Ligand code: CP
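Have a look below at one chain only, the form predicted on its own, in structure tokens format.
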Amino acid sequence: MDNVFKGRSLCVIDDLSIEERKYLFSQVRRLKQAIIHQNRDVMDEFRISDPDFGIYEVFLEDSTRTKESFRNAASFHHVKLTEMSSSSSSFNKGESYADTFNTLTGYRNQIFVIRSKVEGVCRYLEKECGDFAVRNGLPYKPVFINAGDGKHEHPTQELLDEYSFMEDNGFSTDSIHLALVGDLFHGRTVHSKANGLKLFSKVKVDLIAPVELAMPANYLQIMKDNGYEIRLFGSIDEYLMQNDIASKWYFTRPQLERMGERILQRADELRACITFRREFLDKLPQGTIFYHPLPRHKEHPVIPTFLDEMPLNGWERQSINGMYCRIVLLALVAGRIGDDFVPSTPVEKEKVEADYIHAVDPSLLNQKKSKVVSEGVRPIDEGLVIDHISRGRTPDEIRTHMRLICKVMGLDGLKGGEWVSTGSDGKTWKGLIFRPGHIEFDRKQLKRLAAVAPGCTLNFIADGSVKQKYRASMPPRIYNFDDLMCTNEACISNSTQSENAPAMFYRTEESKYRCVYCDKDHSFNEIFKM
């Protein structure tokens, strides 16, 4: 059986299944003991030991721990390690990510470790450089490891965090009660936990942050979708006023410098909400452990240094675990280990998309033309009518939406018009677009309509009666349209990045469109450029 890990990228923590992560952690546990006891036979089982095997570190954002952790992991493996300096890199000359990494892929570099302010860059390069390798007959597929991308995720930090939680759980994954404290808005390490904590069968998360630093709504929704029990608190003081206190606390550094002058003026107040104080010690459950991705701010540490010598200190061991986890990750994606892993269930193949354009049986289309128009609209003998647009919204919202539909569907400049009316109940507003003349939509245009106007009906009229009728629902995925764009300016697919990365979205359970690169949620009327 093929090694399921070899050649795999890690762009977000969910790229590894729960079962795969449990296997990874079993190997981390084994390696850690071998290194502690200097069992070189076991250590050598993990080593890639190929001086021609290329690992490239590209850190376009400052880092010490992650960068040095990967550097030492590569040294353990006895491989070729190269570093790109952001200060002198080709990115400063306006070169695209795709061109840069395609070139480096051709130089026998097989693994790229990337930290960037641009979100989703690893997911984009996974496809672009994979296609480059195929086009040029390279004998390997390049692997991309996300070492932190903007406010999005930090999946390798999540691996070492999860391992540390397991270690302190006696390696049980039955349950976890975790308090996340600090800057939950900017903290990519806590954003990775939205899906990462699925490792545990039962999850209770206490989010402790003032509203200015609160967890973004999309990650909060992901946690809810994953079945976590979630509680919100504005400060540590408020949290400790109740009795159900977590035994594991995960702190993050407040990044107030990213939030403007108004927030900086309240810096002391906001820091006080998320900084542990000596007076809190007697309120903690016995056996409580603190974690932190590091570094701590030297002037304003949320975990003060007086705690360093106490049993609460789990962050130092957590940091050391980082190198072990990254050694094992590199060994897995290089195919050095993992041959013995057999998933209990086969890896799911991409599901066939459910139909989202529902054609009504022609034999049922016996409505007269008066049935497909609203009051005040003159019936048409030939053309199209899009009805039930934004049903239930306000007239202003409906008119705005119809302007977007006309632009997206190329209906501007044609005869006809738009109308806002009430439905059969006389109370609920809806929109209608009509265009006389011979008009046809192909399958791609029907998908565009379903994406921009889910819930509408589309009627093609000829000789005064409806000849074709469709009902549209949200497509499970939307892509391959030039006028799509993620609204997150930090996303690789946003036009401000000038990377020409094609925008792609998938439908969430809440009927939102989630960007495949940065995980930002959008309503259906936000994904098309106006």
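Since this is a predicted model, take the numbers as computed values, not measurements. All residue numbers refer to positions in the sequence shown, first residue = 1.
This protein has a second form, the form predicted together with the ligand, left out of what is shown; the following refers to that one.
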property: Stretch from 151 to 159, 128 to 136, 179 to 187, 419 to 427 whose residues place a heavy atom within 4.5 Å of the ligand in the predicted bound form; result: 151 to 159
property: Residue 62, heavy atom within 4.5 angstroms of the ligand in the predicted bound form; result: yes
property: In the predicted bound form, residue 293 touching the ligand (heavy atom, 4.5 Å); result: yes
property: Contact flag, residue 115 vs the ligand in the predicted bound form, heavy atom cut 4.5 Å; result: yes
property: Touches the ligand in the predicted bound form: residue 66 (any heavy atom, 4.5 Å); result: yes
property: Residues of stretch 94 to 114 in contact with the ligand in the predicted bound form (4.5 Å, non-hydrogen atom); result: none
